[in-house]
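Just one chain follows, in the form predicted alone, and it is written as structure tokens.
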Amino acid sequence: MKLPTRKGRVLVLRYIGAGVVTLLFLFPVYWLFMISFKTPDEIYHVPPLWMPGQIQFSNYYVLFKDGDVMAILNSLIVAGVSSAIAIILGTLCAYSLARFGTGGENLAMWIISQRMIPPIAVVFPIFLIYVYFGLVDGYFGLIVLYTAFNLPYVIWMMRGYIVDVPLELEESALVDGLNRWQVIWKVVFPMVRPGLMATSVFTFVFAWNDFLFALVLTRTEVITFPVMLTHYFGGQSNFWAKIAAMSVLGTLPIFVAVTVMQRYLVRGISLGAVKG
């Protein structure tokens, strides 16, 4: 029997280490899914049950029956619309910075610095402004706020991708008769598509996961997914079945977005990591 070489043993140890780390990270996800299918007796069973006795969907049914899933829809609307607006406006601003030097060399740095402001430092003034203009607990107010907070990130990332597009391609297109808008649509957008997709996913995730602004600026009409989860934590007891089922439903849109965009995401991140 031929013994494995030192290189082979190191490779096996790496696979074992990677497998252990993967299991550690996946275990909370597995446990969340299992709780969402368990009955209350199984959830509080001692010792803990690794698998439910029977797969049942009553925990999900309760969320639909009580209308709690509207929080998922609210998050989808707010995160989706604000991300789309931020991507469109941010890409155009980034093009202006990259190609025309708008604002000088330091404007881009100033813009990204706005993204680093702690939300807790500005949430109270924003709340007062929203109360004055009647924007609390509405789609419009949250969409405007998330768009404003995501714009610096989009501008910074897209500026790096656009700078990397060879200027000669745009000049050739202009010589061939295209106007500036056609150059952006037909030349620049296809070249920066991976970065555009990666930035879109991260922008969507930022808006989807926001808790502070949604907690302060919503009441009953536009409660988002993270805020709804906190309603299941009580002083006397926690509704673990609802928490698990809602968490699974709230994770699905992010999982689908990352899965669909995976091809662009990996390439976009690798490019943006060194060019942003």
Partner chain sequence: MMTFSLSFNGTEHRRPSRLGRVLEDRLPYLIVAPAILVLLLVGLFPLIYSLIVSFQRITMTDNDTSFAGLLNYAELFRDTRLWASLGHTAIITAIALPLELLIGFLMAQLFIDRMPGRQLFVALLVLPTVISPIVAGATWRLLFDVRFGPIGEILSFFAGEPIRILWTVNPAYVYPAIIICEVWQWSPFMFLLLLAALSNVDQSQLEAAEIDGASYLRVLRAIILPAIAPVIAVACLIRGLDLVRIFDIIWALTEGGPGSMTETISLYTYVQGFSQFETSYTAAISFLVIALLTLITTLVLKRMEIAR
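Positions refer to the first chain, counted from 1. Keep in mind that what you see is a predicted model, and the values were worked out from it rather than measured. Note that the rigid core is defined as the largest set of C-alphas that superpose within 1.5 Å between two forms.
If you look for the form predicted together with its partner chain, you will not find it shown, but the lines that follow are about it.
With the partner left out here, its partner chain still marks one of 157-165, 72-80, 122-130, 190-198 in the predicted complex; by a 4.5 Å heavy atom cut-off that stretch is 122-130. Annotation: in the predicted complex, residues Pro28, Pro48 and Asn209 each come within 4.5 Å of its partner chain through at least one heavy atom. Taking the partner from the other structure, its partner chain in the predicted complex has no heavy atom within 4.5 Å of any heavy atom of Ser58. Though the partner is left out of this view, Val222 does not reach within 4.5 Å of its partner chain in the predicted complex, counting heavy atoms only. The closest non-hydrogen atom of Ile35 lies within 4.5 Å of its partner chain in the predicted complex.
The shortest heavy atom separation between Arg180 and its partner chain in the predicted complex is within 4.5 Å. Taking its partner chain as it sits in the predicted complex, the stretch 206-233 comes within 4.5 angstroms of it through a non-hydrogen atom at Asn209, Phe211, Leu212, Leu215, Val216, Phe225, Pro226, Leu229, Thr230, Phe233. Once both forms are overlaid on the rigid core, the distance between the two CA positions of Ile254 between the shown form and the other one is under 2 angstroms.
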